[in-house]
Ligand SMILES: CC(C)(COP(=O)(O)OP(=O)(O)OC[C@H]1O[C@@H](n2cnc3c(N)ncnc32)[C@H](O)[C@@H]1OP(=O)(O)O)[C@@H](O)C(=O)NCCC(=O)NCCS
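Just the one chain here, laid out as C-alpha cells, in the form predicted on its own.
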Amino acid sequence: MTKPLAGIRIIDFTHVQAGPACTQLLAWFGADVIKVERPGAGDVTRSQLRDIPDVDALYFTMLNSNKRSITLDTKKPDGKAVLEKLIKGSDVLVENFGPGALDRMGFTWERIQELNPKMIVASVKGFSDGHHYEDLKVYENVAQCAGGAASTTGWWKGEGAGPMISAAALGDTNTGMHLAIGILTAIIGRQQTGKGQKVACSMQDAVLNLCRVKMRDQQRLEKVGYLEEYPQYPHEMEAFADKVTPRGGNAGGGGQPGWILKCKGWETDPNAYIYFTVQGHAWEPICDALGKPEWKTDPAYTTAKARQPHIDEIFATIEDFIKDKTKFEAVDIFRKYDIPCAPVLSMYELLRDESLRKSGSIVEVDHPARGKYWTIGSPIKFSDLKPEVTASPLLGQHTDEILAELGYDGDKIATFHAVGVV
C-alpha cells in the first residue's frame, strides 16, 4: 500500500538524537528523508560508542533507518547550488544546528522562502527564541534539568539524595516526537493556505510538557501546603515547608500511591522488582489478593486519605507477600484481581520479549556492513499501515542517486566527487 507520507521529501540537516528521531519517525511513515552529511565525516554518532570497528555505531543505525544519505560541502558554491535545488524540490527542512548556523550558510528564512514558498523549516532548539538562555548549548541531561524533570526525580533524603536524571531520552527523542507533530501540523496547514512556515520545538519545552503533573503539584502545594499522595506526607511534613514540589522517589505521579517492591531474587538480580499501585477502586481486590479481609472494613484503611499514614506498612505487607515469588509470578497473581502492576523489565529482557517482536516494537534489521541487528520499531500502530524498518544508510550511499534526481549528469557528478563538493 502507499504510505501516508509518500511524496513528502524532507531535507534532514540533523545530527545526534533529537532531530534524527524526528525524521526517522516520518521516514517510517513514508517520507523520503534525505540526510545531508559532511563529506568524509557525517553524523558524529556514526563513530560514537562503536561495538564493531570501522562500522556505523548502533547509536547511528538505530536513529537513522529508512533514510537516504548524501554528502555535501555547503561551503563550496557548487554545494550551495545543490542544496538550493534540493530546497526547491522538497517539502520540509529539519535542522538542529546552533542558533544562526543556517543564516551563516546563506540560507536565511527569507532566502528559503524565495527558493520555495511552500517550504516548512523545522528546528530543534535548546530553548525557545527570546529565552534568556537561548545561547546555551543543550544536550539531553541539560534539557532534563532545565525542563523540571531532574528536580522532581530522585530521593529527597539519605545517601544519593538530590536531583536525578532519567535514562529515558526525555530531552532528545521526546523533543523529536514533539517536532514531528509540529511538522505534520504544518503540512496540513499548508494544504489549507499553500504556504510553508517555521516550526520549532525547544528541548526545555518538550521536557516541561512531560512534567505537566509536577507543575500541577506545584500549584496545589502553594495553595494547600502539602501533597497528600507524596511519600513525605504525613510522615515528613517539613519536606513541604519551602513550597517547592519535592522529589518523589518511586511514588506515582497521579493520585494513587505506588512503589517499587522487592521480589524473590532481588539480592542478586538488580531488576527483581515489580511496580505496584494502590488504586482506590482496587482496594478491596488488593485486600483479597493479600489475604487481608479485615482491611476492607477497618476505617484506618478504607479511604486513600486514611491509608496514607499507613502506606509504608501496606507496601511492606505486599513485599512480604511476594518475597517468595518471582516478579512474573507476582504480577500473574495480581493481574487476576485487576490490580495495576508490572514487572521491572531490563533491557536484556525487553530485547528478547516475544510480544514486542511480534508487534513490531522490536525489529531485526539487516545492515550492509553490520549484518543483522535489533532496533526499536514504530511505537505507533495503525490498522492499515505496518511501518517497515530498513537499514540506515552508509555515509553518502545515495549521493549519486540523489544528484541524478536533481538533474546532474554523470560527468558533473564525477566532477563534484573530484573537487570535494560531495
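Just so it is clear, the model here is predicted, and its values are computed rather than measured. Don't overthink the numbering: it's just position in the shown sequence, from 1.
Here the subject shifts to the form predicted together with this ligand, a form of this protein not shown in this document.
The site is open: after superposition of the local C-alphas, no atom of this ligand, taken in the predicted bound form, comes within 2.4 Å of this form's backbone or C-beta atoms.
Screening 93 to 101, 301 to 309, 216 to 224, 272 to 280 for residues having heavy atoms within 4.5 Å of this ligand in the predicted bound form returns a single hit, 93 to 101.
Although the partner is absent from this view, Gln17 contacts this ligand in the predicted bound form, with a non-hydrogen atom inside 4.5 angstroms. A residue is said to contact a partner when one of its heavy atoms sits within 4.5 Å of a partner heavy atom; Val331 fails this definition for this ligand in the predicted bound form, lying far away. Put simply, Lys125 is close to this ligand in the predicted bound form: some heavy atom of it is within 4.5 Å.
Taking the partner from elsewhere, Cys263 is found to have every heavy atom lying beyond 4.5 Å of this ligand in the predicted bound form. In summary, among the residues Glu228, Glu284, Glu84, Asp73, the only one with a non-hydrogen atom within 4.5 Å of this ligand in the predicted bound form is Asp73. Between this ligand and the residues Val138, Ala180, Ala186, Ala150, the one pair within 4.5 Å by heavy atoms in the predicted bound form involves Val138. Heavy atoms closer than or equal to 4.5 Å to this ligand in the predicted bound form belong, across 183 to 207, to one residue only: Met203.
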